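One chain is shown next in structure tokens, namely the form predicted alone.
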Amino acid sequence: MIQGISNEAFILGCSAIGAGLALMAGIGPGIGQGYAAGKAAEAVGRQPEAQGDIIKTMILGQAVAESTGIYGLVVGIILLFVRPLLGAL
């Protein structure tokens, strides 16, 4: 172990780093959803009669893309507040 740092403090620090990395998983879905919404707006502008189908498809795609961001958020919350790695000590 590193001198001056207890095992518990080391694990909590590594858990905080892991939570930060897990929360960075929300960046990709945010960019993708914005891009998809922009393309859907373009498609509705070109074909206003297909607005219902375009919006349904866009919302389904955004729901699937959002799930990865939610998984990252859940993992980050578990690492920060449940602290499952402290039980291994």
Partner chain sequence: MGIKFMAFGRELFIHDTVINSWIIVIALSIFALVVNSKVKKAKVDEKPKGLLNVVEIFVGLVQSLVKSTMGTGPTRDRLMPYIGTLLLYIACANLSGLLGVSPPTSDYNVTLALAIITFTLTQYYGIKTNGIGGYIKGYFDPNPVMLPLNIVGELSNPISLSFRLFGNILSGGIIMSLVYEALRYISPLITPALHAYFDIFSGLVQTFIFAMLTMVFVGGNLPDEEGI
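Numbering follows the first chain given and starts at 1. Just so we're on the same page, rigid core means the largest C-alpha set that superposes within 1.5 Å between forms. Keep in mind it's a predicted model, so treat the numbers as computed, not measured.
The discussion below concerns the form predicted in complex with the partner chain, not included here.
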- the partner chain contact in the predicted complex: I59, any heavy atom under 4.5 Å: yes
- Is A9 close to the partner chain in the predicted complex, meaning a heavy atom pair under 4.5 Å apart or at it? no
- Heavy atom of A16 within 4.5 Å of the partner chain in the predicted complex: no
- Is there a heavy atom of V74 lying 4.5 Å or less from a heavy atom of the partner chain in the predicted complex? yes
- Find the only residue in V64, A50, A37, I27 having a heavy atom within 4.5 Å of the partner chain in the predicted complex. V64
- Task: Align on the rigid core first; then say whether the Cα of G34 has moved by at least 2 Å between the shown form and the other one.
- Result: no
